[in-house]
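What follows is a pair of forms of the same protein chain, given separately as structure tokens and numbered structure 1 and structure 2.
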Structure 1
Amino acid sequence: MAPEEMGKVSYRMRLVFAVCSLLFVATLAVSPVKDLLREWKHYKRGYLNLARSRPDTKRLIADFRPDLDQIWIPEMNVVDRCTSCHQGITQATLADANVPQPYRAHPPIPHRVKEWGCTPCHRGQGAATEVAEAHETTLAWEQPILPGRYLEGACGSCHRDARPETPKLNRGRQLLESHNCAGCHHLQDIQRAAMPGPDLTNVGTKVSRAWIYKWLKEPRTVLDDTGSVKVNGYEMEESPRMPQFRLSEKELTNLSAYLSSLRSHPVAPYKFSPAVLAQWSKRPDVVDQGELRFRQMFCSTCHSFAVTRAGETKMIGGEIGPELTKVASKVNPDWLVAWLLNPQAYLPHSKMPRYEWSEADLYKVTRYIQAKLTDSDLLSTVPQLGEPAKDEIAEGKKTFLEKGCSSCHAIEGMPPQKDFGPDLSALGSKNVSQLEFGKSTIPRNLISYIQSKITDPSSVNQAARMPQYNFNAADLDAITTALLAMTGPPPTSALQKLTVPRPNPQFRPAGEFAQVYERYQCADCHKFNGFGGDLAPDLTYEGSRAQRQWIDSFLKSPQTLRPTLIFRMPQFNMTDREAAILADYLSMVMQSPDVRPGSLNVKDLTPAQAALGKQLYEVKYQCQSCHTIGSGGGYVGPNLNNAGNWLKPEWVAAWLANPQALIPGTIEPQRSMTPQEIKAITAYLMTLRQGGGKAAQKKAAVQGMSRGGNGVAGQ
């Protein structure tokens, strides 16, 4: 090439250079344009436009930043950028439903959003900056945000205790416990019951083979198309603890043979004395007298049964014990008498109290049950089974083990099958890829998987041993929420500190009180220092509230203090010594630190103070709106006719000053009374006294029963 041509560039080269330059400039322009069009920046601009259109613009954009918002919680290993789009989440003026999402303010919650972010509660991918990546399942992130109706499941990851803000989660945990799911599965913070199901060691002495067959085939209360209860004499619950197993006819036959053969400890027939038989066996009204005694003892506090009124059959009574509508068609007569005499002799962990029956009462009540609580058609559809053969018994025992029945039921000499089902303690944190959907056509997500496993296990796994449950929609969602809350143990010590443990209250009395306490199963209905049931009043501070003599009298003859309540403390027929033991313990031990014993003496209260207190009670504070005195007043609070014999004056004064300090959550309003007013009303209430005596107490109890006013004794 000539020297003069070396500095020249050909046209083609120039064209190539120009095209490359344009491509390079276009490539460089893609990055800022792409950044400008990012979703989070689009929502940032949208928030600015919204803020500028409102009168409080200055306040809405006071802390606005055009770049990414990020919350970092190292203790939880959380990086949360959700507020980059949800800009108005903490602005109270944007709480109106007309404000478009994602700018609407979050409803008030105990946590500060600016400190906690969104993902600890809503889950999802907090580090994402696009809606799909943050909210949905992607190839890189398998845990989407929780749908709104399951949001309480996230609360349960840290809050293992029951909180008023999480009613659905609380309900789900209760259902998991009451249905004995821990009998087969390991569940986070849910302990396996000491006796998930009845001990079957001696079940052949209790029920017939025909009844066992019927129960295994249909262990539930039947509902018709409208949802109305069809009483079947088994158990009154929407979904009883005993689930529906998919059993073939052969399995039903073999299982009924095996279970009916279990008679390790035969029940000896009880021999009534000749005097009782001579007095009652030929009386035409023995059944009616038995029904009267049955009702006087308020068995319906724990047991439900069907009654027909105006042509309509409905269930009445409690759900602590099984339904009794057709119990006589279920149990053998000899077993029934032995059970009423001593339930713990058959089931050591039974909740049924051991009553002090008189022999005459025992005879009358059992005759009533056998005559009236029965149904001759109950077992009419059961095939003729006959005496069980050896091969049927052997096959039945094999089926019993294969179905995992010993996970819930004890049989003498048979070891329990613990963790029969898979471990569910970390189910809520599982990715979709960790779940086995089989050939199921359900949506591939954790919630669909959980609900399908509960309602139809075979739809997910044809070989599933899990029985089928029939929960209503609300309870199914509650159980799903509780399982979503089970995310396993905290992965770090820092996260462990954020976990609110589930309380484990203990109450272990000793001595003579413990014997009486256990005999009458007091904790099934009452709480003691946080331990026990919630059907009846908490007795933790009963010694500060009630006078010792009143407690003793009430235990021997319970009276209605709240006539409108459904349930009533049963008539246990306690001995004088048993009542005295309970009354002494409650009076001396169950004391409130906020009530100083003897701080107010009735002798120091004057008639003038009582007169002023009566005026304050009736006129200024109108306490009669909720409480009854004489024949007038409301029924929201307890009857105060006998307050002077019942309540301690120091308790009344402390209660009037601050009822919530003594019983948190009570509906009694705090009136901000002056000390003089408190003393005056206390003086008035201490003048309210009724005549006593066992005859009067018994009459009051019978009258309360006959009016249908079964109330729980309480504050």
Structure 2
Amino acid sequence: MAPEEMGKVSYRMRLVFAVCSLLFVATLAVSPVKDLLREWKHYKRGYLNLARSRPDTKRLIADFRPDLDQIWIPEMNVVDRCTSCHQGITQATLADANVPQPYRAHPPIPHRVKEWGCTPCHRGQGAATEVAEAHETTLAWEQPILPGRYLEGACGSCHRDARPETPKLNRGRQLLESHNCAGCHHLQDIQRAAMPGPDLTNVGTKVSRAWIYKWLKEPRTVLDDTGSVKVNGYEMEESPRMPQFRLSEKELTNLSAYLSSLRSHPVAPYKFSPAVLAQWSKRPDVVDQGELRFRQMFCSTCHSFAVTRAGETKMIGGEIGPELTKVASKVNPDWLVAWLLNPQAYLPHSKMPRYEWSEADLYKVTRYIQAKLTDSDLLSTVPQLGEPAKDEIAEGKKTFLEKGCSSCHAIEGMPPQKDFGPDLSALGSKNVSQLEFGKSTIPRNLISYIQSKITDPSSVNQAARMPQYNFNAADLDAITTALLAMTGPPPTSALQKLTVPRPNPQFRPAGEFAQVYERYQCADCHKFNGFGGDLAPDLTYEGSRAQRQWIDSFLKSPQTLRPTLIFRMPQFNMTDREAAILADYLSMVMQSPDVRPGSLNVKDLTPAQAALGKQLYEVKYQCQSCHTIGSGGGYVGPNLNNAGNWLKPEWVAAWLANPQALIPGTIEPQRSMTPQEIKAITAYLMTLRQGGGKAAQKKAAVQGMSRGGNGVAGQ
């Protein structure tokens, strides 16, 4: 380079310098532009525009800040920036359905957004500031928000108890429990049942090898095209608990061989007395008589079966016991009689009550079951299997263990396998990358994974040992919701304190009462101190409600108090002594602390009060809209024709003052009655007596009830 040119910048160099400078400025400018174009800022501006277009602009933008909004609750692990875009969430005037999202107000819920944030209920990524990252599964963020349909699953992470507000979640948990998912999987809060499926120690005495083969191959439950559960070809609400296993022909042969060889305690055939046989065996109407008895005993309260009425065949009956439409083609006739006589002798944990049979009834009912609840074609598709061979039995035993049958079915000397399936107690917080989808084409998210796994486990994992469950769409959603609620132990101690534990009510009576209570399996249908079924009235306060005499006679001959009920108390044919034991215990022990025995005496109620009470009942409060007296009135509440013999006056008074205090959730609303009105209505109801013959009426007269009163009223 020449010296004169030193220090002189050529034109070209200047140009390069200018371009580089411009480039540098442009590069720097990208950052503010990028910042300006951020998604959430776009929504911020949109909100301002929306607010300005509305009459209450001032209030809508009172809290408006141009920067990122955030709800930060460190003790709950909540960092939610959702309100940066969802700005109208607490603005009541933006509740209108035509307000565009994301600005619409949140529908009313029990939790305040400011106190709880958004992600504890909706899941998703609270810290994300882009729409896709906040709501969906992306590469960097794993947890998508819960679709509204499964939102109750998030409630269940903290509310482990069964709240009335979350029916879907409660149903799901109930299904997880009744289908014994805890037999194979470790679940949050749901323990393994004492006897999940029937004990098979003696199953060879109950059913034939052909039936076992058929049952394992084609369970009677199927899902039809519309997704309804069909049992034996008829629609049913709940599927039977036994799932469908994908078994090969060889496995079917071996398993049926093994199971049918299990007959360590053979059934001794019951010998009907010659008198009964002579009287009934030749009668042409024995089957009809048996059916009548079967109906009268209300077996349908627990068991369903197909009936044909007016040309239409459908399934009726309850779901506590198994479906019976074809039961006679299933079980050995000798086993059936032995079972009806004493179910617990075969299955110690059976829910079936041990009825007090008369021999004639037992004969008639057995004949009815064998004649009508049968299907001669049931086993026609089963190949000839013959007597089980030794090697088949050994192979079958192996298959039994491999398939995890012992998780639900006990066999003497074969303990259940612990943790046969994967731990699901934190399934709800699993990330998509932790799930195995195999070759399936289902959407890559937790919900579709759970649902495919339940309905067809082989779709996501060819080698899955899990059987297939036939749930209808609603139940599948319920189970999914309950599984999504299982998110493992709460991540912070504050959340741990907030978590409402699952109650575990127990009712363990002792003594003579316990024997009768267990014999008739009262807790299948009735609740005692929070424990038991909910098919029938809660008996926790039965002693405060009903008169001992009435309980005693009801147990011996249950008449229905609610004529519209489908499920009714079975006729157990209890002995006098058993009824007395139950009545004594219920009336002495099952008392409400809010009802003082003897606080209101029938003797102190005057006919004038009763007359006023009748007026109040019929005119002012119009109780007849729900209750029946005489032949008129509604079907919602119990029939009150025999209230004077049934109810205790102090209960009636306490009940009228506040029904929910005695039985939470009862339909009867609380009225604002004065104490005088309560006494008057009580007096009227206590005059309502029915039946019981002359002795009862005489007794009523002695008790002073008929002192000028109208004795048997409401006719």
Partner chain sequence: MKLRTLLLLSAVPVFLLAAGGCRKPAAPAKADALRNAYDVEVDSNDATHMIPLSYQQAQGKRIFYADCVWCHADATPAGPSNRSNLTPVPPLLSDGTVLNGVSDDYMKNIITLGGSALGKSAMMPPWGRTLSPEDVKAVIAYVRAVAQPPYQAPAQAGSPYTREGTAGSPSK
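Just so we're clear, the structure is a prediction, and the values are computed from it rather than from any experiment. FYI, numbering is relative to structure 1, first residue = 1. C-alpha atoms forming the largest set that superposes within 1.5 Å between two forms make up the rigid core.
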Only one structure is the form predicted alone, namely structure 1
Would you say whether residue 675 is displaced between structures 1 and 2, judging by a C-alpha shift of 2 Å or more on the superposed rigid core?
no
Rigid core superposed, CA of residue 596 - does it shift 2 Å or more between structures 1 and 2?
no
With both forms fitted on the core, check whether the Cα of residue 69 differs by 2 Å or more between structures 1 and 2.
yes
After superposing on the rigid core, the Cα of residue 102 moves between structures 1 and 2 by an amount in angstrom of 2.8
Could you tell me how many Å the Cα atom of residue 17 shifts between structures 1 and 2 when the rigid core is held superposed?
9.0
